[in-house]
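Presented below, as structure tokens, is a lone chain in the form predicted on its own.
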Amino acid sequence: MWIRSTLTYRASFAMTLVSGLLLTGLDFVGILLMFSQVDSLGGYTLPEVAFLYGLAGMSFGIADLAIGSVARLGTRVRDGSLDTLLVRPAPVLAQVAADRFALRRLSRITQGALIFGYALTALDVHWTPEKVLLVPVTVLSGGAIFSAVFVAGGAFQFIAQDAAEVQAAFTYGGGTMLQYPPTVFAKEVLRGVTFVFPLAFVNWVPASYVLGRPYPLGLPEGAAWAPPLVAALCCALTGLVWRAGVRSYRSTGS
């Protein structure tokens, strides 16, 4: 329904898509400005940073498109409108994800894909069948990991009720952090996003294999193929957290 309503005004949708593409592109413009003053960032060249940026952008864009509406769950919890979703014969999470589905978020995926395309043309990488296969696996696994973070943040709002900014710190903040090389962050941060919130498996770890870079925190070489396993584990744990959140919901009492 939301897709149909969006495409009813095609010119408006096209302008919204283009404006979103330009706005999200400002992040990479900031990176370009940095490289106008330095030759490398944390030992990474501009094409290598663009490779990280593209992977993170596409993965986050997929999650934001599919499940980004969960960020508004706190509003439904506060005003009691979540009750209408609970009585419908459909999964609550699917209804929340479809609520005000924003097709304009395709601009983030498109922008990430364009930057990634630039990286592929500028990088001097010896491509093997394993590396080629790892790229789509990484993008899809990264999207699943980000989706798990979105849902976990939504489940937290069952308790906090007004935690959209906290959720954004891990979703949008995490997406921004992954646009930069892991070498610019402290080891404590790397440990946190590897073993606690495994965002490092969205792009840092698999990109290290493709680019021939040392793995963050000295992880074993096989860790490059861990993103699907990490994504499956994150989704399983998030499913349990989401169910616990739904069961704890007590409506507004009105």
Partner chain sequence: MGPARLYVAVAVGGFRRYATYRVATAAGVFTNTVFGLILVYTYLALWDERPHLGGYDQSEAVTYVWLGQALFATLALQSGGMETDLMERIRTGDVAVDLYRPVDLQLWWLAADLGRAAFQLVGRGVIPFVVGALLFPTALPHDPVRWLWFLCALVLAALVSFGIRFLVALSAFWLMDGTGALQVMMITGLFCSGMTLPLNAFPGALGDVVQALPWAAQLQMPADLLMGKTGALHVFAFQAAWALVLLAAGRLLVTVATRRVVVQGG
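Residue numbers count along the first chain shown, from 1. Since the model is a prediction, treat every value here as computed from it, not as a measurement.
What comes next is about the form predicted in complex with its partner chain, which does not appear here.
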Counting only non-hydrogen atoms and a 4.5 angstroms cut-off, does V184 reach its partner chain in the model of the complex? yes
(Q) Taking its partner chain as it sits in the model of the complex, is M34 near enough to touch it, meaning that at least one heavy atom pair lies within 4.5 angstroms? (A) yes
Quick one: is L23 in contact with its partner chain in the model of the complex, heavy atoms, 4.5 Å cut-off? yes
query: Might V166 be said to contact its partner chain in the model of the complex, defining contact as any heavy atom within 4.5 Å?
result: yes
Only hit among G173, G80, G117, P91 for heavy atom within 4.5 Å of its partner chain in the model of the complex is G173
Its partner chain in the model of the complex has a heavy atom of only one listed residue within 4.5 Å, and of P214, G42, P47, G192 that residue is G42
Within 4.5 Å of its partner chain in the model of the complex, heavy atom basis, the matching stretch of 61-69, 222-230, 184-192, 47-55 is 184-192
